[in-house]
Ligand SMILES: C[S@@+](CC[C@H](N)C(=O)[O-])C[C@H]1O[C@@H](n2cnc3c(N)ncnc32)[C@H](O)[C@@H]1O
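Encoded as C-alpha cells, the following chain is the form predicted alone, with no partner shown.
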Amino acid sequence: MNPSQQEKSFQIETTANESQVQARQHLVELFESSPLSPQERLFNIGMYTRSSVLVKFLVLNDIYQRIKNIPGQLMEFGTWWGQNLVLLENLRAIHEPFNKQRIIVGFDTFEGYTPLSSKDKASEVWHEQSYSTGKGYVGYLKALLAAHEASNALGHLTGQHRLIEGDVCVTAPQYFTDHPETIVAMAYFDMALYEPTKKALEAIRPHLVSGSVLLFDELTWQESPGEAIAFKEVFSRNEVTVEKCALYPSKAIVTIK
C-alpha cells in the first residue's frame, strides 16, 4: 500500500475536523524542526504526544493493572508498527519489574490485511494489504523490543517477546498447538476483519482463565462489523462481562468470568 493510500485510510478513520488535522500537521512540523537533540526529544516525547495518542497509553495502563494478578502471557492480534507491544514491555517493567514470566506475543501478517469475507463491510479503510509494514520491518521491531527490554529491570534476562509473522488464521492455532501450556492474561484484538478475529478467538479461548481480559478495538464500529460478529459467535453472554472503555469509548473491554 503506497503512502497516499494509507493517508486516505487515516482520513476516513479520523473524527478530527480540518482545523484539527492542520494542527496535527503543525505538530509534526514542530517535531521535525525541534531545537532539541534526538536524545532530548525522546526524553521529552510528551511535548509532542497528542491527547488522542496519550489516551491509548492510559487505557493499556488500566488494563495492565486489571490483569497484574492474573498469570499468563500478554498478546496482541494485529500489531501494525508494534507500539502497543513496546508499551506492554514498559508497563511490565513498571508494574512487575521482576516478573520475567510475562511473555509478550504479537501476531501480524506485516503485509497488511487479508481479503474481506461476506461478514465484513467493504471499506476504503479495510482492504487487502492496507496497513502493511512490509515483512522486512519484523527485524527492526525485534531490535526495538530488545532495546527496551535491555534498558528495563532484569534487562540481562532477554527474549521475553515473540513476533508471530503470517496469516493469523494459520499462525494462532499453530502457536497454541506448539505451546499447549499457555495461559493468556490479556489479549488485544485489532484486526477488524471477521475471519482472522474468529480464528484467533477460537484458538485463544481454551487458554483464558477467570479474570483474563480481551480488549477490542472495533467491537462497536459500524465500519468493521466482522469483529463483533466473530466475538458473538465464539463467546456466550454468560461467559463474559462487556464494558466500554471509560477513556476511549470506541474500545470495549471483555472480562472472562
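Small disclaimer: the values here were computed from a predicted structure and weren't measured. Residue indices: 1-based, along the sequence shown.
Absent from the display: the form predicted in complex with the ligand. The rest refers to it.
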- request: Answer yes if any heavy atom of residue 167 is within 4.5 Å of a heavy atom of the ligand in the predicted bound form; otherwise answer no.
  value: yes
message: I'd like to know whether residue 90 contacts the ligand in the predicted bound form, with contact meaning heavy atoms within 4.5 angstroms.
response: no
- request: With heavy atoms only and a cut-off of 4.5 Å, decide whether residue 160 touches the ligand in the predicted bound form.
  value: no
- prompt: Does residue 117 make contact with the ligand in the predicted bound form, using a 4.5 Å heavy atom cut-off?
  reply: no
- prompt: Where, among 177 to 185, 148 to 156, 97 to 105, 72 to 80, do residues come within 4.5 Å of the ligand in the predicted bound form by heavy atom distance?
  reply: 72 to 80
message: the ligand is absent from this chain, but in the predicted bound form, do 84, 190 and 196 each have a non-hydrogen atom within 4.5 Å of it?
response: yes
field: in the predicted bound form, residues of 222 to 257 near the ligand [heavy atom within 4.5 Å]
entry: none
